[in-house]
Structures are given as C-alpha cells and as structure tokens.
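Given next, in structure tokens, is a single chain: the form predicted alone.
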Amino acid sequence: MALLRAAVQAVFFVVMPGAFMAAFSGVKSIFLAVSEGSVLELNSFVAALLGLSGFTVLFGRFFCGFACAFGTLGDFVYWLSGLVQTKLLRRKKQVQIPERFVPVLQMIKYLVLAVIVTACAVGIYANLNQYNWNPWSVFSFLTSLRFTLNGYIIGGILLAAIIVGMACKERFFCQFLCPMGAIFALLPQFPFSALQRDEENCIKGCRACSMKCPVGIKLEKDGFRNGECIGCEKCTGVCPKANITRWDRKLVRNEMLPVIVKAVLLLGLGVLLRLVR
C-alpha cells in the first residue's frame, strides 16, 4: 500500500499540482463577491471548490491523503528529514513536535481560514495581496518550473518556514496551517467513507494505528477530530489484526483496488474541471 500511495501521489503531483490553489481561489472568489456585493459566478475556481468538496463528502479526504501536491511535498520533506537525521546524523529518533501539542496546533488552520475569509469579505484582501505574501503562489511557480519569486519575497520566506516545519512534523502544513484542510475537516462525510475500528477486537494495549497516524487520530474516540483524518490509510497497514475497515475494503479483498478506483475518479474529475495540466 505504501508504494501504491507514493505512486498515486507522484502522478497527481505531476498532473494536478494546482488543484489545491484552484479550490481555495474558489473560496476567495465567493467572499470577494460578498465584499463587492456582486452576483457570484460559477467560474473555474468555484467549480474546483465544489468538485473537490463533493468528492470529499463522498470519499473522505482522499484528495488530502493521496493527491494534494502540498501534502505530497510535506511527505517527501518529512521522509528526507528522517533519512538525514537517522542515517547521516546518527540520531536515534527524528526531531518532532511533541504529540501533546498537536490537537491545539491543529486549530490554527481554522483561524487561518477565518482570517483570510474575513479579509476577503471586508474588502482588505486585495490590499494584503500587494505585499506578495502568499506562499502557495510561490509553490505554484515552482511546480510550473518557473524558478523565480517574481517579487514574492515574503511568500518565499513563508514557504521556506513551512518547509522547515514539514521537516519536524509529518503533514505539518496540512494539520496546522492549511485553510482547505480546515474546510475539508468541517465538511460532512458519508459514514461509509470513514475508516472504522472494531475496538472490541483490538489487542489490549495496542496503539499501532494511533502511533502511525500522521495527524494523531484515535479512530472512533476523537469525535470532532475525526474530520482531521486525511485518509492516508497508514493505520490499515500496521494493524496486527487487520481490524480497521471501510465499506469498500469489505467489498473487495484486494485493498489496492479501492485506492486505484478513487484515484481514477479523482483524475477524471480533474480533467472535467480542467485541473489537469
């Protein structure tokens, strides 16, 4: 499963690196229209937001776990950081943000979302944009092989700071700063799209799934925080009793098939929404 996930991430990183930016531009389009008192148009950005949100409601945060280019960057940076620290620097353990701070830090992305939405709604976002602060724009320059900051000095510094954070905590940006992650976490999801754990069938004292989870979720125990699950399915691969299931994993014996089907559907959606470059 790990190799399949890496392959899917690599494909989407190459063919759909701008999906995150397009969807969040849809959020900004909505609230900028509110600020201007104009009629909301179903432009390509709003369509991307609606498309990815609908996909998330149906299939959980598969986009976050398997297809978001920013998430893939975070996974690569964290893996590379671990490799450098343990192999080259001979550290026993990788430097990490302590897990006890994670639930609190995860709330920051909701604040980021609220600040940006409010700035758009009250009409000051355009003034903020003149300072070229947006790290996501810098990221889009890099993924389009335009190796220039184009005046985005502040954005470049912020992106560098985010990458440092990615080296210290798995899915640092996704957990703590991503405004689209906040939206996806707040969206309702069909019960069949969520991973479930039969607690009664678990080995007493086993914490394999929660220790492997990059966002610190304890399945079916965290209530509201279950929305934080990014759908990476790492927990399914470490459960010694194969005790973590979902409807599609029960439907077919091949655990890779549901991932492949969802990846193909998401790619098809990307083609439809013109997110594939």
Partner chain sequence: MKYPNFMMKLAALAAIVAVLGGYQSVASARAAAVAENEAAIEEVEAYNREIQLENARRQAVETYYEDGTYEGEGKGYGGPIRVSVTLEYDVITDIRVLSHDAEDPAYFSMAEALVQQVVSGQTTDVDAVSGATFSSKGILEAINNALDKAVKSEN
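Positions refer to the first chain, counted from 1. Computed from a predicted model, the values in this text were never measured in an experiment.
Quick note: we don't show the form predicted in complex with its partner chain, though the next part is all about it.
**Student:** Look at the stretches 208 to 216, 33 to 41, 230 to 238, 63 to 71 and give the one with heavy atoms within 4.5 Å of its partner chain in the predicted complex.
**Tutor:** Partner-contacting stretch among the options: 33 to 41.
**Student:** Within 4.5 Å of its partner chain in the predicted complex, heavy atoms considered, which of Leu186, Ala161, Ile153, Ile124?
**Tutor:** Contact check passes for Leu186.
**Student:** Any chance Gly18 has a heavy atom within 4.5 Å of its partner chain in the predicted complex?
**Tutor:** Yes - in the predicted complex, heavy atoms of Gly18 and its partner chain come within 4.5 Å of each other.
**Student:** Would Arg146 count as a contact of its partner chain in the predicted complex, using a 4.5 angstroms cut-off between non-hydrogen atoms?
**Tutor:** Yes, Arg146 sits close enough to its partner chain in the predicted complex that at least one of its heavy atoms falls within 4.5 Å.
**Student:** In the predicted complex, does Phe141 come within 4.5 Å of its partner chain, counting heavy atoms only?
**Tutor:** Phe141: yes, in contact with its partner chain in the predicted complex.
**Student:** Hey, in the predicted complex, does Ser81 get a heavy atom within 4.5 angstroms of its partner chain?
**Tutor:** No, Ser81 stays farther than 4.5 Å from its partner chain in the predicted complex.
**Student:** Since the partner is left out here, which residues of 4 to 29 would have a heavy atom within 4.5 Å of its partner chain in the predicted complex?
**Tutor:** Sequence-ordered list: Gly18, Met21, Ala22, Ser25, Lys28.
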